[in-house]
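To begin, one chain is listed below as structure tokens, in the form predicted on its own.
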């Protein structure tokens, strides 16, 4: 077989491709590089620069009691919403996968369409009125319910594919030995669909972790505001951002989500389709 011949035009195209890839990589890498260097700089700027190393920014941040409390509030809201989303989506997806519901496909696509509206800006007025009538204003449970309502449709849509990929013969074998439906779900279906559940868990956590609008509107007590809201208070009276605090807080704020992503990715991997053959 003859080796490929590189013409000048092909060489130019190859160089152009590598240059384009390099520019795209730099476009995404520079903000990350700023996030890793600015927190350790005495006088961080808007651009990336060699830091004048210091830990003073973190000491100042740790002295800010409200900022530390807000991280704890974010953990509570994210874990609560994630648990309700994963549990509810698993039950609903399993039911839709195993029960022949008329119009099941249309129902799934309708749920997916509504998921982009439930927690959107246009729905906040009726959501606020609903939470007010239910007495859930300034309540963590209310925020978790609203966030979960927006996440469940897409979570059900994704998990149903994993449930469909679970062989029914496994469930029939468990049923022969007297297992009840919930026991079959917990001991047979859940272990097989674990990668899908892990994917939904990380996705739900990230969605809640970075949400600003819902807690900002439904919480009236500043002590209950999560980190996504508190971060917007790191400005001077003249409206200038405190880059030292913002950069240090941003690094702490992003670390838990990145660690969760790496852990789940290494253990289960991220797949949006069933991973078992019948």
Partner chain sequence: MSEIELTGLRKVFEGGVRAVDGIDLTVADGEFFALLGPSGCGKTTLLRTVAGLESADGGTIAIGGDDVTRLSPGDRDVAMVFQDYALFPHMSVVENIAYPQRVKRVPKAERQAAAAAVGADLELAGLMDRRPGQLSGGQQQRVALARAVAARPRVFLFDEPLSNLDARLRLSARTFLKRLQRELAVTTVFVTHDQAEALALADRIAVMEAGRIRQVGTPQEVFRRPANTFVANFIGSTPMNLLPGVAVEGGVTVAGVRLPAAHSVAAGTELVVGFRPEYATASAEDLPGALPGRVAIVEHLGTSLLLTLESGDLAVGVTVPEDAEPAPGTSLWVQPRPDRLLLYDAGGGDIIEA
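Think of the rigid core as the biggest set of C-alphas that the two forms share within 1.5 Å after superposition. Positions refer to the first chain, counted from 1. Computed from a predicted structure; not experimentally measured.
Separately, the form predicted together with its partner chain exists; it is not shown, and the next lines address it.
Judged against its partner chain in the predicted complex with a 4.5 angstroms heavy atom cut-off, the residues 195, 263 and 266 are out of contact without exception. Looking at residue 167, you'd find a heavy atom of it within 4.5 angstroms of its partner chain in the predicted complex. Using a 4.5 Å cutoff between non-hydrogen atoms, residue 173 counts as a contact of its partner chain in the predicted complex.
Residue 72 falls outside the set of residues with a heavy atom inside 4.5 Å of its partner chain in the predicted complex. Looking at residue 135, you'd find every heavy atom of it more than 4.5 angstroms from its partner chain in the predicted complex. Residues of 178-203 lying near its partner chain in the predicted complex, listed in sequence order, are 178, 179, 180, 183, 187, 188, 191, 192, the criterion being any heavy atom within 4.5 Å.
The Cα shift for residue 165 between the shown form and the other one, taken after rigid core superposition, is 2 angstroms or larger.
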